[in-house]
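Have a look below at one chain only, the form predicted on its own, in structure tokens format.
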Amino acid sequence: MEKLNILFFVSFLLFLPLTIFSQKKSVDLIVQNGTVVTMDANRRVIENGAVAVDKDAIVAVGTAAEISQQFKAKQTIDATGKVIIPGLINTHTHLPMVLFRGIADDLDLQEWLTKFIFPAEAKNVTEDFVRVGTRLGLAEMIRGGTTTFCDMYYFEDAIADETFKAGVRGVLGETLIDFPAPDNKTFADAKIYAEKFVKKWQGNALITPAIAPHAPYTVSEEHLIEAKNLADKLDAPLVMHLAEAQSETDFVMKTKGMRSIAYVNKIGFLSERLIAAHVIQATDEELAILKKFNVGIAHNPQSNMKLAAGVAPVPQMLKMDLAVGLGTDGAASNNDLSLWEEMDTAAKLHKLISGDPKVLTAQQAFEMATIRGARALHLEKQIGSLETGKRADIVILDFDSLNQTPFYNVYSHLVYATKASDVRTVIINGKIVMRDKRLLTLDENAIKKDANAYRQKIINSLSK
């Protein structure tokens, strides 16, 4: 009997470590059984994969079997037959301008700006306008799988407030410009507003506040330097339109005797804080300058095409490994906020212009909407891929729609076949903001009602 007790005790001791180590770790959420497109350094695509999330972070990525062995979740989402991707990153928007969607089309950039957009903004843009437009834009972006966006507009504090309440991630820049704006009538006033705005939101889990001098043709040299110094002082990003059209190049050449990128380099404006939108007018030498300073670039193919502003040298940017992402621009010049359309357009536009169908692949286009877009916003350590330690920004896509059938190659389908309507569920910072196509943080009916109320106000203002 004593021998049996000893054997039992020894067996118990041998078994004890197994029971300890076999205990599963508890997490908040597991998304499982889908095809996981990680966009990590090895570009792993995991069939029947899973992502484990605790609080706001990804704690593990692997096969569904591996994750189920290690973790148990308070909540699970079954993604069988679906594709799990990092949240998309829109690197350039003017979000409230969704309320100007379609008021002025088929015009060149300067006519569009000076005869329609600037006057419409002067007559209509208030804080309430900005809030209504922001909610509309946020709802559209969530429905399209965009989890992070980079914005520059007026009343940016209100945009930050609405963005945070909706649970969306944003790099948000208060616009500084050399003429009276809707929120600040002087550059000095705008600087004061911008500094308060940045200090208020710095350290927020979702909002990265930024300083946004509009462009080299709308902000003086003195004021560009002031904006740069303010960003340095506050340790904040800089957002600006740069080299966006021939008209800008002509203006800067006439007033400064050099092209835009050379000019901002000469005055000491460039730094790794900068996120530059468009960058159409750029030579190889100028791209090398941007690379030297690790400037992020936002490529906006549809807006550039619609305004006939030109074609950015994106294949060369990729060849030089610049941090270039995709942006929609404002919906007044696009006219939507779908990164799926931007991916598709970017890949095809550069094939056409170069005459080389291999010049920008589907995988490269998807990279620009995810991990390379994160680099453009200087946030690649936090977002852009599904990796342990990164923020849990995750999108689940239906892959059984007619436009997805039959399925062969995941990158081909993501870029050339997927539509915003294929987005099923969106998770931002570990929080589900849309589940099974139902918005959870925004009231879609109220948003439409408020937006349509502004329609008549805008029509009336343009007829005066």
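Just count from 1 along the sequence shown to find any residue number. This is a predicted model, so every value here is computed, not measured.
The form predicted together with another copy of the chain is left out here; the points below concern that form.
The partner is absent here, but in the predicted complex a heavy atom of Met305, alone among Met305, Ile289, Ala188, Ile225, sits within 4.5 Å of another copy of the chain.
Only one of the listed residues (Asn403, Ser26, Gln69, Asn42) places a non-hydrogen atom within 4.5 angstroms of another copy of the chain in the predicted complex, and that residue is Asn403. Only one segment in the set 380-388, 74-82, 225-233, 343-351 has any non-hydrogen atom within 4.5 angstroms of another copy of the chain in the predicted complex, and it is 343-351.
Across the proposed site, Phe118, Phe366 and Gly430 without exception lack any heavy atom within 4.5 Å of another copy of the chain in the predicted complex. Although the partner is absent from this view, Lys358 contacts another copy of the chain in the predicted complex, with a non-hydrogen atom inside 4.5 angstroms. Not displayed here, another copy of the chain is approached by Phe100 to within 4.5 Å at the level of heavy atoms in the predicted complex. By the criterion of a heavy atom within 4.5 Å, Asp105 is counted among the residues contacting another copy of the chain in the predicted complex.
Contact annotation: Ala417 falls within 4.5 Å of another copy of the chain in the predicted complex, judged by heavy atom distances.
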